[in-house]
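Consider the single chain below, provided in C-alpha coordinates and representing the form predicted on its own.
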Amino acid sequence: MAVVANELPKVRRSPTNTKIKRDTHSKRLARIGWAFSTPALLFVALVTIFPIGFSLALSLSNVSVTGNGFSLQGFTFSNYYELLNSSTWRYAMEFTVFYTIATVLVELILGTAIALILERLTKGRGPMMALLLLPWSMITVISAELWQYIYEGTYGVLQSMFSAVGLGSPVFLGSPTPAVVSMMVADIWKTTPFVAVIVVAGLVMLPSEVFEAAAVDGASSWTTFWRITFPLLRPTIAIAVLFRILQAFGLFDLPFVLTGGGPGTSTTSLALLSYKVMFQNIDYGPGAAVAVSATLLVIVGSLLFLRVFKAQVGKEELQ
(Lines give C-alpha, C1' and ligand atoms only; values in the text may rest on other atoms or scores of the structure.)
Protein backbone atom coordinates (compact mmCIF):
# COMPACT_ATOMS: atom_id res chain seq x y z
CA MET A 1 0.00 0.00 0.00
CA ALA A 2 2.89 2.32 0.73
CA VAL A 3 4.28 1.74 -2.75
CA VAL A 4 0.90 2.39 -4.34
CA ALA A 5 0.48 5.57 -2.29
CA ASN A 6 3.85 6.83 -3.40
CA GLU A 7 2.99 6.16 -7.02
CA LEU A 8 -0.20 8.24 -6.83
CA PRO A 9 0.18 11.62 -8.56
CA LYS A 10 0.66 14.51 -6.15
CA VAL A 11 -1.76 17.40 -6.40
CA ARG A 12 0.20 20.62 -6.91
CA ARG A 13 -1.20 24.06 -6.46
CA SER A 14 -1.13 26.12 -9.59
CA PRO A 15 0.84 29.40 -9.24
CA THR A 16 -1.97 31.14 -11.07
CA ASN A 17 -4.58 29.94 -8.58
CA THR A 18 -2.38 31.03 -5.64
CA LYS A 19 -1.91 34.47 -7.15
CA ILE A 20 -5.66 34.82 -7.77
CA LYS A 21 -6.42 33.88 -4.16
CA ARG A 22 -3.80 36.33 -2.90
CA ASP A 23 -5.20 39.13 -5.06
CA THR A 24 -8.73 38.35 -3.93
CA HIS A 25 -7.64 38.44 -0.28
CA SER A 26 -5.84 41.76 -0.82
CA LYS A 27 -8.89 43.28 -2.50
CA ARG A 28 -11.13 42.10 0.34
CA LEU A 29 -8.77 43.66 2.91
CA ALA A 30 -8.73 46.86 0.86
CA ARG A 31 -12.52 47.00 0.80
CA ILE A 32 -12.61 46.48 4.58
CA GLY A 33 -10.04 49.24 5.01
CA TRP A 34 -12.04 51.66 2.85
CA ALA A 35 -15.21 50.75 4.75
CA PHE A 36 -13.59 51.67 8.07
CA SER A 37 -11.90 54.78 6.63
CA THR A 38 -14.96 56.20 4.85
CA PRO A 39 -16.58 57.85 7.92
CA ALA A 40 -13.31 59.61 8.82
CA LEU A 41 -12.73 60.68 5.20
CA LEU A 42 -16.28 62.03 4.96
CA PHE A 43 -15.76 64.01 8.17
CA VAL A 44 -12.46 65.43 6.85
CA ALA A 45 -14.18 66.37 3.60
CA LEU A 46 -17.00 68.03 5.53
CA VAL A 47 -14.83 70.18 7.79
CA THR A 48 -11.86 70.80 5.47
CA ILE A 49 -12.43 70.23 1.76
CA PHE A 50 -15.96 71.65 1.62
CA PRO A 51 -15.05 75.01 3.28
CA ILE A 52 -12.05 75.39 0.96
CA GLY A 53 -14.17 74.64 -2.09
CA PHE A 54 -16.92 76.99 -0.92
CA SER A 55 -14.38 79.76 -0.27
CA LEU A 56 -13.02 79.25 -3.78
CA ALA A 57 -16.54 79.57 -5.20
CA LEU A 58 -17.09 82.77 -3.20
CA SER A 59 -13.81 84.25 -4.35
CA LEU A 60 -14.72 83.69 -8.01
CA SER A 61 -18.22 85.15 -7.77
CA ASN A 62 -19.97 88.47 -7.47
CA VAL A 63 -21.40 88.14 -3.98
CA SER A 64 -24.41 90.24 -3.09
CA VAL A 65 -25.50 90.54 0.54
CA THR A 66 -29.22 90.68 1.31
CA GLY A 67 -31.38 90.58 4.39
CA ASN A 68 -31.70 86.81 4.00
CA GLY A 69 -27.99 86.13 3.59
CA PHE A 70 -25.92 86.36 0.43
CA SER A 71 -26.13 85.03 -3.10
CA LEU A 72 -23.56 84.26 -5.78
CA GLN A 73 -24.10 86.10 -9.04
CA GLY A 74 -21.82 85.38 -11.97
CA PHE A 75 -18.20 84.34 -12.45
CA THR A 76 -15.47 86.97 -12.02
CA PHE A 77 -11.77 87.50 -11.29
CA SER A 78 -12.38 90.99 -9.91
CA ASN A 79 -11.91 89.85 -6.31
CA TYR A 80 -8.37 88.65 -7.06
CA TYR A 81 -7.65 91.77 -9.12
CA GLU A 82 -8.68 93.88 -6.13
CA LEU A 83 -6.50 91.69 -3.93
CA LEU A 84 -3.36 92.09 -6.05
CA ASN A 85 -3.78 95.86 -6.05
CA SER A 86 -4.25 96.06 -2.28
CA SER A 87 -1.27 97.26 -0.23
CA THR A 88 -2.97 95.89 2.90
CA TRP A 89 -3.02 92.37 1.44
CA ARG A 90 0.61 92.61 0.35
CA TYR A 91 1.68 93.73 3.82
CA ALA A 92 -0.40 90.98 5.48
CA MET A 93 1.24 88.39 3.23
CA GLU A 94 4.75 89.71 3.94
CA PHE A 95 4.05 89.88 7.66
CA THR A 96 2.64 86.33 7.74
CA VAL A 97 5.62 84.90 5.84
CA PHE A 98 8.14 86.79 8.00
CA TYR A 99 6.34 85.85 11.21
CA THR A 100 6.21 82.18 10.19
CA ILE A 101 9.91 81.98 9.29
CA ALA A 102 11.09 83.86 12.40
CA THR A 103 8.97 82.02 14.96
CA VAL A 104 9.53 78.55 13.48
CA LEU A 105 13.31 79.12 13.35
CA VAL A 106 13.49 80.25 16.99
CA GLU A 107 11.18 77.44 18.12
CA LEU A 108 13.28 74.89 16.28
CA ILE A 109 16.51 76.07 17.94
CA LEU A 110 15.02 76.30 21.45
CA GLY A 111 13.00 73.10 21.06
CA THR A 112 16.04 71.12 19.93
CA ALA A 113 18.12 72.48 22.82
CA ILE A 114 15.43 71.56 25.35
CA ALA A 115 15.03 68.13 23.76
CA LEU A 116 18.77 67.44 24.05
CA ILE A 117 18.62 68.33 27.75
CA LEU A 118 15.56 66.17 28.36
CA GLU A 119 17.07 63.23 26.47
CA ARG A 120 20.08 63.25 28.81
CA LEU A 121 17.91 63.15 31.93
CA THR A 122 17.91 59.74 33.58
CA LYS A 123 15.38 60.66 36.26
CA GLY A 124 12.41 62.98 36.17
CA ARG A 125 12.04 63.12 32.39
CA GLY A 126 8.33 62.31 32.58
CA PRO A 127 7.40 65.08 35.06
CA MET A 128 9.60 67.57 33.18
CA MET A 129 7.87 66.77 29.88
CA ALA A 130 4.46 67.08 31.54
CA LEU A 131 5.46 70.49 32.93
CA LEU A 132 6.84 71.49 29.55
CA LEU A 133 3.56 70.68 27.83
CA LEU A 134 1.51 73.01 30.03
CA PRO A 135 1.90 76.04 27.71
CA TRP A 136 1.11 73.91 24.65
CA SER A 137 -1.99 72.43 26.28
CA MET A 138 -3.51 75.86 26.93
CA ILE A 139 -6.07 77.15 24.44
CA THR A 140 -4.47 79.91 22.38
CA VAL A 141 -7.13 82.46 23.30
CA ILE A 142 -6.52 81.83 27.01
CA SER A 143 -2.74 82.11 26.66
CA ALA A 144 -3.24 85.29 24.61
CA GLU A 145 -5.35 86.77 27.41
CA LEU A 146 -2.59 85.83 29.85
CA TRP A 147 0.05 87.59 27.76
CA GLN A 148 -2.22 90.60 27.31
CA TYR A 149 -2.29 90.97 31.08
CA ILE A 150 1.53 90.63 31.16
CA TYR A 151 2.00 93.29 28.46
CA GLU A 152 -0.72 95.70 29.67
CA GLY A 153 0.62 99.26 29.86
CA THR A 154 -0.93 100.34 33.18
CA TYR A 155 -1.10 97.35 35.52
CA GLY A 156 0.78 94.69 33.55
CA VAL A 157 3.34 92.40 35.18
CA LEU A 158 6.20 93.44 32.89
CA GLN A 159 5.34 97.11 33.36
CA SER A 160 5.63 96.72 37.14
CA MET A 161 8.91 94.81 36.81
CA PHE A 162 10.49 97.43 34.54
CA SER A 163 9.34 100.24 36.81
CA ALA A 164 10.69 98.45 39.89
CA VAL A 165 14.22 98.24 38.46
CA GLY A 166 14.12 101.80 37.12
CA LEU A 167 13.84 101.02 33.39
CA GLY A 168 10.85 103.27 32.80
CA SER A 169 7.58 102.30 31.21
CA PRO A 170 8.18 100.59 27.85
CA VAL A 171 5.32 100.15 25.40
CA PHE A 172 4.86 96.54 24.34
CA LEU A 173 1.69 96.56 22.24
CA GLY A 174 1.32 100.25 21.39
CA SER A 175 3.88 100.56 18.58
CA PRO A 176 4.48 98.34 15.54
CA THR A 177 7.88 96.72 16.16
CA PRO A 178 7.40 96.03 19.91
CA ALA A 179 3.93 94.65 19.15
CA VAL A 180 5.31 92.20 16.57
CA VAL A 181 8.14 91.10 18.88
CA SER A 182 5.77 90.75 21.86
CA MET A 183 3.41 88.59 19.83
CA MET A 184 6.30 86.41 18.66
CA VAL A 185 7.44 85.91 22.26
CA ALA A 186 3.96 84.75 23.25
CA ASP A 187 3.81 82.34 20.30
CA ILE A 188 7.31 80.95 20.93
CA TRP A 189 6.48 80.41 24.61
CA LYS A 190 3.42 78.38 23.69
CA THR A 191 4.66 76.29 20.76
CA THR A 192 8.31 75.56 21.60
CA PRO A 193 7.24 72.62 23.82
CA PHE A 194 5.52 71.04 20.80
CA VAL A 195 8.79 71.06 18.85
CA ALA A 196 10.74 69.83 21.90
CA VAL A 197 8.47 66.81 22.43
CA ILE A 198 8.70 65.76 18.78
CA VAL A 199 12.50 66.10 18.79
CA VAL A 200 12.75 64.13 22.06
CA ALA A 201 10.78 61.31 20.44
CA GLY A 202 13.25 61.35 17.55
CA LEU A 203 16.27 61.37 19.86
CA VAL A 204 15.02 58.37 21.81
CA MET A 205 14.74 56.36 18.58
CA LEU A 206 18.33 57.03 17.43
CA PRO A 207 20.70 54.02 17.56
CA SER A 208 23.04 54.18 20.56
CA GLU A 209 25.79 52.22 18.77
CA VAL A 210 26.62 55.18 16.54
CA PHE A 211 27.16 57.49 19.52
CA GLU A 212 29.24 54.88 21.33
CA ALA A 213 31.47 54.57 18.26
CA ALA A 214 31.83 58.36 18.10
CA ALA A 215 32.81 58.47 21.78
CA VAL A 216 35.42 55.76 21.21
CA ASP A 217 36.84 57.78 18.29
CA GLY A 218 37.14 60.82 20.57
CA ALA A 219 34.51 63.01 18.88
CA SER A 220 33.48 66.08 20.86
CA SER A 221 29.87 66.78 21.79
CA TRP A 222 29.65 69.56 19.20
CA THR A 223 31.04 67.32 16.43
CA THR A 224 28.75 64.47 17.44
CA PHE A 225 25.71 66.72 17.24
CA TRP A 226 26.48 68.20 13.81
CA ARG A 227 27.89 65.04 12.20
CA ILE A 228 25.60 62.38 13.72
CA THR A 229 22.66 63.67 15.77
CA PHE A 230 21.43 66.42 13.47
CA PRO A 231 21.61 64.40 10.21
CA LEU A 232 19.76 61.48 11.84
CA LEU A 233 17.17 63.88 13.27
CA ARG A 234 16.34 65.52 9.93
CA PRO A 235 13.17 63.47 9.28
CA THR A 236 11.88 64.27 12.77
CA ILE A 237 12.78 67.94 12.46
CA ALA A 238 11.08 68.05 9.06
CA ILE A 239 7.82 66.82 10.60
CA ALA A 240 8.02 69.39 13.40
CA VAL A 241 8.81 72.24 10.99
CA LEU A 242 6.02 71.25 8.60
CA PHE A 243 3.42 71.18 11.37
CA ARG A 244 4.62 74.51 12.72
CA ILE A 245 4.55 76.14 9.27
CA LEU A 246 0.94 75.05 8.82
CA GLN A 247 0.01 76.38 12.26
CA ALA A 248 1.96 79.64 12.09
CA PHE A 249 0.63 80.54 8.66
CA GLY A 250 -2.91 80.34 10.00
CA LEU A 251 -2.09 82.95 12.67
CA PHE A 252 -5.34 84.42 13.98
CA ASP A 253 -5.90 83.99 17.73
CA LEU A 254 -2.89 85.91 19.05
CA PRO A 255 -3.26 89.11 16.99
CA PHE A 256 -7.04 89.01 17.38
CA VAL A 257 -6.77 89.05 21.20
CA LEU A 258 -3.52 90.94 21.77
CA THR A 259 -3.56 93.73 19.19
CA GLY A 260 -6.61 93.37 16.97
CA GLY A 261 -4.19 93.56 14.05
CA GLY A 262 -2.72 96.88 15.13
CA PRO A 263 -1.24 99.29 15.72
CA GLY A 264 -2.55 100.17 12.29
CA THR A 265 -2.07 96.98 10.29
CA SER A 266 1.35 96.06 11.72
CA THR A 267 0.21 92.70 13.16
CA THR A 268 -2.51 91.86 10.65
CA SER A 269 -2.05 88.33 9.32
CA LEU A 270 -3.76 86.90 6.24
CA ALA A 271 -6.24 84.97 8.40
CA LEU A 272 -7.12 88.07 10.42
CA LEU A 273 -7.40 90.18 7.27
CA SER A 274 -9.81 87.65 5.75
CA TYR A 275 -11.92 87.77 8.92
CA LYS A 276 -12.02 91.57 8.93
CA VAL A 277 -12.92 91.87 5.25
CA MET A 278 -15.64 89.21 5.42
CA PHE A 279 -17.26 89.82 8.78
CA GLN A 280 -16.49 93.45 9.60
CA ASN A 281 -16.63 94.98 6.13
CA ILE A 282 -19.28 92.44 4.99
CA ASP A 283 -17.35 91.96 1.74
CA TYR A 284 -17.46 88.21 1.20
CA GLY A 285 -15.88 87.98 -2.26
CA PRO A 286 -12.55 89.72 -1.48
CA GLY A 287 -12.48 88.15 1.99
CA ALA A 288 -12.78 84.68 0.47
CA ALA A 289 -10.04 85.59 -2.02
CA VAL A 290 -7.73 86.45 0.91
CA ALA A 291 -8.48 83.07 2.51
CA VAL A 292 -7.84 81.21 -0.76
CA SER A 293 -4.56 83.07 -1.28
CA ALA A 294 -3.42 82.04 2.20
CA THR A 295 -4.35 78.42 1.49
CA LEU A 296 -2.44 78.43 -1.80
CA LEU A 297 0.63 79.93 -0.15
CA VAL A 298 0.56 77.24 2.56
CA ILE A 299 0.23 74.46 -0.02
CA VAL A 300 3.04 75.83 -2.22
CA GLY A 301 5.31 76.45 0.78
CA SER A 302 4.72 72.95 2.18
CA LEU A 303 5.35 71.29 -1.20
CA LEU A 304 8.57 73.26 -1.71
CA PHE A 305 9.76 72.37 1.79
CA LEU A 306 9.04 68.66 1.24
CA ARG A 307 10.75 68.76 -2.16
CA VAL A 308 13.90 70.35 -0.73
CA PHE A 309 13.92 67.92 2.20
CA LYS A 310 13.49 64.93 -0.13
CA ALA A 311 16.34 66.16 -2.34
CA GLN A 312 18.66 66.55 0.67
CA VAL A 313 17.83 63.06 1.94
CA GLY A 314 18.46 61.64 -1.55
CA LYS A 315 21.91 63.27 -1.70
CA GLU A 316 22.82 61.84 1.71
CA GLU A 317 21.78 58.35 0.64
CA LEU A 318 23.91 58.61 -2.52
CA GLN A 319 26.91 59.65 -0.44
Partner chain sequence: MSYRTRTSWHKWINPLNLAVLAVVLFIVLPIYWLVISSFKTPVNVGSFPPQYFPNPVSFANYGSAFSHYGFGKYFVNSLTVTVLSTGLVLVIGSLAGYALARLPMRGKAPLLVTLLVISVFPEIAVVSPLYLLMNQIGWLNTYQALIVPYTAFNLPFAIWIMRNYFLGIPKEMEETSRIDGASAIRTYWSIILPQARPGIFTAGVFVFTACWTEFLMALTLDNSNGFRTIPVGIALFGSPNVVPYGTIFAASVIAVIPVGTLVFVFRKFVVSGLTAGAVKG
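In this text, rigid core is short for the largest set of C-alphas that superpose within 1.5 Å between two forms. Residue numbers count along the first chain shown, from 1. Model, not experiment: these values are computed from the prediction.
The discussion below concerns the form predicted in complex with the partner chain, not included here.
Scanning 183, 92, 104, 200 against the partner chain in the predicted bound form with a 4.5 Å heavy atom cut-off leaves one residue, 200. In the predicted bound form, the partner chain lies farther than 4.5 Å from every heavy atom of residue 308. The closest non-hydrogen atom of residue 227 lies beyond 4.5 Å of the partner chain in the predicted bound form. Not displayed here, the partner chain is kept clear of residue 76 by more than 4.5 Å at the level of heavy atoms in the predicted bound form.
Contact between residue 291 and the partner chain in the predicted bound form is found at the 4.5 Å heavy atom cutoff. Of the residues in 97-128, those that come within 4.5 Å of the partner chain in the predicted bound form through at least one heavy atom are, in sequence order, 114, 116, 117, 119, 120, 121, 122, 125, 126, 128.
Positional change of residue 181 between this form and the one not shown stays under 2 Å at the C-alpha, relative to the superposed core. In a rigid-core overlay of the protein, residue 51 has its C-alpha displaced by at least 2 Å between this form and the one not shown. Core-aligned CA deviation for residue 256 between this form and the one not shown: less than 2 Å.
With a change of no less than 3 Å, the CA-CA distance between residue 46 and residue 142 is larger in the predicted bound form than in the form shown.
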